[in-house]
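Okay, here we've got a single chain as C-alpha cells, the form predicted alone, with questions on binding and movement later.
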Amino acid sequence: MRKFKIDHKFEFTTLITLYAQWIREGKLKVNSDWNKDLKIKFTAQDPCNMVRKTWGQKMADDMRFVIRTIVGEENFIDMVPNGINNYCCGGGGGALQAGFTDQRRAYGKVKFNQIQETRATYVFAPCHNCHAQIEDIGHHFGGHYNVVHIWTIMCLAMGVLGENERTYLGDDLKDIGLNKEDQP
C-alpha cells in the first residue's frame, strides 16, 4: 500500500497483538486458574517473520503477556535468548517443503537444545512453519514436549476448548475443563 501510495484506513496487525489488547481491555476473559495446581510449564517460540522481520519486540512482549495470562506467570519459562534475539527454528523460508530433511533437522538442533534447556512441557508456536518444525525436531531428537497454538490454550483458559480440539495435547491437558468442576 505504501509502495504504490494507495490510500487505506486499516492497520496491519496480528491476532496476538489483538489478544493482548482485548485481555488488557477486559474484553477477552481468560485466566490461568486451570494451571494453578497443575503447574504445567510452557515456553514460546518467536517466529522470524512475526517478531524479527515485522513487528519486533512489541510483538514478542504482547505474545508473552498473553501466554503468562493464560498459563500463569510462574508457569512460563522463557528461552534464552528470546524475543528479537531468539533463534530461528529452521523450518521457514520453504525449508519444510524443500526436501532437505537432514539439513533442516541439523539446523533445528539448535532450537531443539534451546527448548530442552527450558524443561517446558509445551512450546507455543504461533507460526505454522515453526509449529511443524518444532514438532518434527522434537520427535526426531527425542524431545518430551508438545507444540501448541496460543488459541488452543486460550480456549482452555476460557473453559471453551472442545473435546475434538485436543488431539495434539498431552495426556496432562486432554481432559482439563471437560468436566464442569474443572472449568476456570
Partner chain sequence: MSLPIEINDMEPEFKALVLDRVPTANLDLCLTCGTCTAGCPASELFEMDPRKLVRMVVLGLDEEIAKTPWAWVCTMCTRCVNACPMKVDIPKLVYNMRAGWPREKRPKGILGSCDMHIRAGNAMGVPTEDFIWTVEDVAEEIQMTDPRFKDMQVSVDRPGAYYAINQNSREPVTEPDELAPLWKILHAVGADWTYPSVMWGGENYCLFLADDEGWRYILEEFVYHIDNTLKCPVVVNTE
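Not measured: the values here are computed from a predicted model. Residue numbers count along the first chain shown, from 1.
The protein also exists as the form predicted together with its partner chain; that form is not presented, and the subsequent description refers to it.
Engineer: Flag Asn75 as yes or no: does it have a non-hydrogen atom within 4.5 angstroms of any non-hydrogen atom of its partner chain in the model of the complex?
Structural biologist: Contact check for Asn75: no, nothing within 4.5 Å of its partner chain in the model of the complex.
Engineer: Is there a heavy atom of Gly159 no more than 4.5 Å from a heavy atom of its partner chain in the model of the complex?
Structural biologist: So Gly159 counts as contacting its partner chain.
Engineer: Please run the contact check for Glu165 against its partner chain in the model of the complex: heavy atoms, 4.5 angstroms, yes or no?
Structural biologist: Yes - in the model of the complex, heavy atoms of Glu165 and its partner chain come within 4.5 Å of each other.
Engineer: Wondering, does Arg119 line up within 4.5 Å of its partner chain in the model of the complex on heavy atoms?
Structural biologist: No, Arg119 is distant from the partner.
Engineer: Any chance all of Phe65, Asn113 and Lys174 sit within 4.5 Å of its partner chain in the model of the complex, going by non-hydrogen atoms?
Structural biologist: None of them does, since no heavy atom lies within 4.5 Å of the partner.
Engineer: Going through 46-65 from first to last, which residues have a non-hydrogen atom within 4.5 Å of its partner chain in the model of the complex?
Structural biologist: Heavy-atom contacts within 4.5 Å come from Cys48, Met50, Arg52, Lys53.
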